[in-house]
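Here you get one chain, nothing else, as structure tokens; it is the form predicted on its own.
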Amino acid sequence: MNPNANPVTLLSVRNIHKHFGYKQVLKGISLDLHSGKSTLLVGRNGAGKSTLIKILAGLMRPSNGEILYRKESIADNPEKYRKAFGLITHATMFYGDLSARENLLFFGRLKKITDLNEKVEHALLRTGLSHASDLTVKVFSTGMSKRLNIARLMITDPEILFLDEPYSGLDLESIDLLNKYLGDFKSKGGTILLISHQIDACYDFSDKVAFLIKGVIEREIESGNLSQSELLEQYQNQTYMRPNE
């Protein structure tokens, strides 16, 4: 049975606002994320993309608005929601004095993962980190830290992924590894919200492109209606912005 044959809405973002003092960063964001689908969020620096990811991942509180996971407010069952998503950001959020294996075991225990030792070893093998599994993470390169992030996603097995510039610091081999994982993740019914300046790396598995302009999602376009070259041209020339900007 194909889990993507009848996609369901896993996450609904409803009228999310965020302000810092007098500065309003998000001005009523509404967005639906569906099973087996990937949404690429694009916009200028400062448009509010990372702020939105942080709010969805519980790292920041919205000023107003609501987030629904499977039609229920995440405020009603925050533990259930925390188990449902995985996150990659600029900050890897690992403990530098612990080894790669120790970090994975720690995060796995937090999420009460069953068969944890086996899953950790399998994830280290799949991400090419078995040889470095006993090294402290503080000596890892950026690319190795990102691979360890992928390994963490593999053991926690989320339904939803929030990815903020996941390709930064990755070599071509690591990009292929990430894309293979994301492709498998989608095929099993997972949903992805992705921010990336490297559109050529992620366009092929993006089903929808959402344009965030000055704190508002102005447009959502199915990727089949916008070629990669057209999106790159709009992105590089900022032609998706309103004429008066």
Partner chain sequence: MVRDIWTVVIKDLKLDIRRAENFFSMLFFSVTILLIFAFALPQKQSTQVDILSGVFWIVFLLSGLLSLNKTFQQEKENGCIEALLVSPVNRGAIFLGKMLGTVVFILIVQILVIPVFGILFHHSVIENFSWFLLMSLLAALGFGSLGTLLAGLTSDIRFREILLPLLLFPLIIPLLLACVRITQSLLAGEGILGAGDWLRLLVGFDAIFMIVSFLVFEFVMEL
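Residue numbers count along the first chain shown, from 1. It should be emphasised that the depicted structure is a prediction, and the values quoted were computed from it without experimental measurement.
One more form of this protein exists, namely the form predicted in complex with the partner chain; it is left out here, but the text below deals with it.
Novice: Tell me the stretch among 53-61, 199-207, 66-74, 186-194 that has any heavy atom within 4.5 angstroms of the partner chain in the predicted complex.
Specialist: Of the options given, it is 53-61.
Novice: Is the partner chain close enough to 13, 35 and 42 in the predicted complex that each of the three has a heavy atom within 4.5 Å of it?
Specialist: Not a single listed residue reaches the partner chain in the predicted complex, so no.
Novice: Is residue 147 near the partner chain? Define near as a heavy atom within 4.5 Å, in the predicted complex.
Specialist: Judged by the heavy-atom cut-off of 4.5 Å, residue 147 is well away from the partner chain in the predicted complex.
Novice: Just checking whether residue 79 would be counted as a contact of the partner chain in the predicted complex - the rule being heavy atoms within 4.5 angstroms.
Specialist: Yes, contact at 4.5 Å.
Novice: Give a yes or no for residue 112: in the predicted complex, does one of its heavy atoms lie within 4.5 Å of a heavy atom belonging to the partner chain?
Specialist: Contact with the partner chain, yes.
Novice: Do residue 125 and the partner chain come within 4.5 Å of each other in the predicted complex, heavy atoms counted?
Specialist: Contact check for residue 125: no, nothing within 4.5 Å of the partner chain in the predicted complex.
Novice: Which of 99, 141, 117, 168 has a heavy atom within 4.5 Å of the partner chain in the predicted complex?
Specialist: Partner contact (heavy atom, 4.5 Å) among the options: 99.
Novice: Using a 4.5 Å cut-off on any heavy atom, which residues of 84-115 would contact the partner chain in the predicted complex?
Specialist: Counting only heavy atoms within 4.5 Å of the partner chain in the predicted complex, the contacting residues of 84-115 are 85, 87, 89, 91, 92, 93, 94, 95, 96, 97, 98, 99, 102, 106, 107, 109, 110, 111, 112.
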